[in-house]
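There is one chain below, alone, in structure tokens, taken in the form predicted on its own.
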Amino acid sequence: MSAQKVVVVGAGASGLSTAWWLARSGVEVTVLDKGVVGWEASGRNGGGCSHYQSPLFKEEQRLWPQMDELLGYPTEFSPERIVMAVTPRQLEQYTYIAQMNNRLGHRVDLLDAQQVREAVPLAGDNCLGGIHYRFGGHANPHRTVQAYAWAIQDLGGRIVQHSPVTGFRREGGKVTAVESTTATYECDAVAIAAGPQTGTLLAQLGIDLPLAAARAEMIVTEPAPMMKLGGVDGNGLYGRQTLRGNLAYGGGPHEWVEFGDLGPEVKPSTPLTRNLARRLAELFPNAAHLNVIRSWAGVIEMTPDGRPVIDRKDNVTFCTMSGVGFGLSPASGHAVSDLVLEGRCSFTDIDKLALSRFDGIGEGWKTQKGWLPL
């Protein structure tokens, strides 16, 4: 198709991937972000790339091993993951996950306690067993969002940071320009992938996307001896070992927070960091002596059913990933780009991700689900 102008709102992993796919298609693309590329949850997460429950899973798995070559910059992708149990309930749950995936044709090996300890030397005598995903893996969020950004610029795309979107110009029901604090950007189409701000921005266009904002926290430790496999989860935690050996881990419970146009007024760490540290020490007793050297408290968005929304109305395509945006970003960007350019996803059926599933949900849905009062 002939080149056109598209504005992407949001420079997290989903927005950047969308812009990269559009630029690969010859589109003149501009990315706007209220802050810095990957500055929110996209640059600070567990880095997991193993979302077997998503309709985007096969494309996620196809693309991640190729992303360094496709982008031209390192993502530090590493394949496969181990999930280890330290309670009987966890072992039962992980065994069920393994059996389910194997029925679906996704290989997952059951491991006894000794096999886990051999693969994960930081594990202790409290380990009861685990499972080994022979698919998926993890990547470095900081590296990956920067790789997307550089690749977009290499293809002629433009990224404008510190440029909060303030409004939209419309003619005949279609968006013709995006207004921000830095300039007004004319466009033939717009894609909105702005994390928790997505709902607020869509409301300006008369689109009701039900979202709740939740605090998420992570901790990073001093370097530990390198494990054979850097992607190890368990004990309610998600995360990875960095190439320097640091353990970067997070995990609920999430706390619902008040959220303004640009986010919460402050993002303080909470006592959850102590909870994360305790559970990480239980998961890796042989690393329990390590100090926590930094932490992050940020905000993720969540739909009523905890699933992403990828949809289009007129010339506005929108995407909200409910906390799984980073890992699925190669595939979600492909899907959003397809919707922008062709009106449909070319590689899988994403009807179950349509916004229409929330028709008639009503304004009181957060209270009905018990998410309010805070």
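The numbering used is simple: start at 1 and walk along the sequence shown. What you see is a predicted model, and the numbers here were worked out from it, not measured in a lab.
The protein also exists as the form predicted together with a small molecule; that form is not presented, and the subsequent description refers to it.
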*Report the stretch among 297-305, 110-118, 148-156, 282-290 that approaches the small molecule in the predicted complex to within 4.5 Å, counting heavy atoms only.*
297-305
*asked:* Just to confirm, with a 4.5 Å cut-off on non-hydrogen atoms, which of Val27, Val340, Val324, Ile310 contacts the small molecule in the predicted complex?
replied: Val324
*Of these, Ala216, Ala98, Leu71, Met227, which has a heavy atom no more than 4.5 Å from the small molecule in the predicted complex?*
Ala216
*Given that the partner is absent here, does Pro223 sit within 4.5 Å of the small molecule in the predicted complex, heavy atoms only?*
no
*Determine whether any heavy atom of Pro196 comes within 4.5 Å of a heavy atom of the small molecule in the predicted complex, and answer yes or no.*
yes
*asked:* Does any part of Ser163 reach within 4.5 Å of the small molecule in the predicted complex? Heavy atoms only, please.
replied: yes
*Can you check whether Tyr238 is within 4.5 Å of the small molecule in the predicted complex, heavy atom basis?*
yes
